[in-house]
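As structure tokens, the next two blocks hold two forms of the same chain, structure 1 and structure 2.
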Structure 1
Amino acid sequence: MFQYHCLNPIADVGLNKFTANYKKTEEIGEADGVLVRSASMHDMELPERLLAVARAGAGVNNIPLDQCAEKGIVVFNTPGANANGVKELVIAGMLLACRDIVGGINWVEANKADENIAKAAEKEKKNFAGTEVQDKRLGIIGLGAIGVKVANVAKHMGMEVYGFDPYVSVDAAWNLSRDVKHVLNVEEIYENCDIITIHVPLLDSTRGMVDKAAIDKMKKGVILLNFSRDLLIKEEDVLEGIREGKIRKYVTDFPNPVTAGQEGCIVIPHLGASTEESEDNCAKMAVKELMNYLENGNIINSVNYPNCDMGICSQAGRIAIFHRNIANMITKFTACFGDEGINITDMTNKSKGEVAYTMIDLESPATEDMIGKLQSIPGVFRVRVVK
């Protein structure tokens, strides 16, 4: 019997995927797995029993990834599950920026008591005139699940689309319209595009990547869209760009004191993935990942450990070893089994940065003594008996 704990409300359509072998607990200290959306885990004490954290969403900046890795706690996310919801809001944000729809709606609200509002509107509407997106150049920084969907829709809207992503995946490349111009330097996006949207994860290498130096390279009157993370952009530099007329509009899905209520900014209250469909998709995917790991030891869509899949174990035993990615570890592991006379029937070892994950199937169950020997090897974080 496995137990799971929810740090945030998780859609029932996902929780209903759990079988009778799973029980929900209100105490995180009793949980084998945790499901989370936006709750911060950085100040939490991680229980020794905890095996995995599944984030029902893409961003994981609310989870202490390194701490989890060193405790042998696998952190999952759900890439692509909310991509359609975010894509639709990106397109909406682009249209809101090109056409002063919000300004027009606010004018109507302010003049709702005017009996001649229809006539007045004909005179005032020129103040809210905008531009069409057709034939404009759209630059997309990051061609992941969301960026690809935005690119393909934009092509259907008659836009000229530039895409930049030096690490584009094979799946993304297959799904990307052949008409998208894949540029090799982000400066080409800055220099050529009328509208720029950013879709990259928040990493040390991407934090503040759009700053004054980047903005200075952009076309005058550029529209900038940010539906990824506010810290990707130095927003004080964006406000300066708006005041100087360099940036026409800044659309962001991340309210904060810097941009809220500022002229030239359209600030949306983090609605990107806030649709019933996105929340359902993320919940179902997170539960599926968690169950596969708890039952089989398989890792799919982890952000702190490598993907590793050996299917369902048909042997007498399976163990998983979390360890540092250093030389000679496999030799030490196999020596432990050889000393005990236990035969290894299958094994896989994968690494991700400084950490690695090894799964081993055995002809007979691992003994407590053997687990203790493995655990005592320098560089081993955790040894888990899967079966």
Structure 2
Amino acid sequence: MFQYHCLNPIADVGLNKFTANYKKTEEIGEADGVLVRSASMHDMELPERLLAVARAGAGVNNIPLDQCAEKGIVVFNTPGANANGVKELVIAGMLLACRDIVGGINWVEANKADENIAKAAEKEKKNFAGTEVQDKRLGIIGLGAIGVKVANVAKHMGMEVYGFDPYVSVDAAWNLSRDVKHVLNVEEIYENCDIITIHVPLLDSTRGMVDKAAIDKMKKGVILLNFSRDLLIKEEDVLEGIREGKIRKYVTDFPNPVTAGQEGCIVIPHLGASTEESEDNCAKMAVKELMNYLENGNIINSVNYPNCDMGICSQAGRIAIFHRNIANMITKFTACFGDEGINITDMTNKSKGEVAYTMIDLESPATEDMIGKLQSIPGVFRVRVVK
């Protein structure tokens, strides 16, 4: 029986995934796994028993990742769980930029007392007319969870789609429509596309990547969409582009004093992932990751330990070892089993930065003595008997 604790309310569709082998506890000290959304764990004492923390969402700055790593506590998040919610808002943002729907709605509101509003609207509507997206060129920078979904839907809308991502994952490539033109340098996007949308993480290498030099290469009248992070784009340069007529509209999901209320900017209050479904998906994914780890020792989508998947253990025993990523560790681990005449049937060792994770399947169960020996090897943080 495993016990879990929720530091924040977690959607029932997620919690309902727990089987009869799981029990909710109100005491964090009794929990094997913790589910969290935004509650800060920085000042919390991490209980000895705790094996894993699953964050239902993407950001993990509320969790002390290094401290957890050194205690052998795996921290998970749920990347891509809200990708569909963001994708749908990107499409909405694109359509809002192509026609002045917001201006039109504001006009109706301002004229709601006019008895002849229907007639007036027919005269006024030319001011809110725009363009269609069909046959336009859409450039997507970053083909990850969100970028791929945007690309595929844009194809269905009859757009010509260009994608740029030098580090595209195999998974993303499998999911991408074959009709998306994969370009090898971002300049091709800047030079050819009518609408450009950015879907990359904010890193030192991507901060401010769309600047004046990039904007200068773009087509006149380009529409720019930013549902990733405001700091990816030099927004002062975007405002200049709008003033000069180079940029037709800038749609952003990140209000700040630079863009809020500015001519040519459509600013949305960070609604990308604000859907019931996104929250549900995050909860379902967090619970699934936690269960797979607690039952099998498999790590999928961790932010402080490497991914490691050996499926379900069909052998008599499975041991998980959390340790520093230093030389000679595997030799020391295998010696502990060899000395006792226990056969290793399968083994995986993965590292992530300074830490590493080794899973070992055994023909016969490990003894307490053996676990003690493993635990005493310098550089080992934790030894867990999974089975």
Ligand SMILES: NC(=O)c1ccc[n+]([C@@H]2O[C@H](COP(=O)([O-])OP(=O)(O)OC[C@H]3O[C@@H](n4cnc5c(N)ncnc54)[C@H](O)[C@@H]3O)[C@@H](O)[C@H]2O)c1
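Every residue number counts along structure 1's sequence, beginning with 1. Just so it is clear, the model here is predicted, and its values are computed rather than measured.
Looking at both forms of the chain, which one is the form predicted together with the named molecule? Between the two, the form predicted together with the named molecule is shown as structure 2, not structure 1.
Two-part rigid motion between the two structures: G29 with N116: In the two-part motion between the two structures, G29 and N116 are assigned to different rigid parts.
Rotation (°) of the smaller rigid part relative to the larger between the two structures? Turning angle of the smaller rigid part: 23 degrees.
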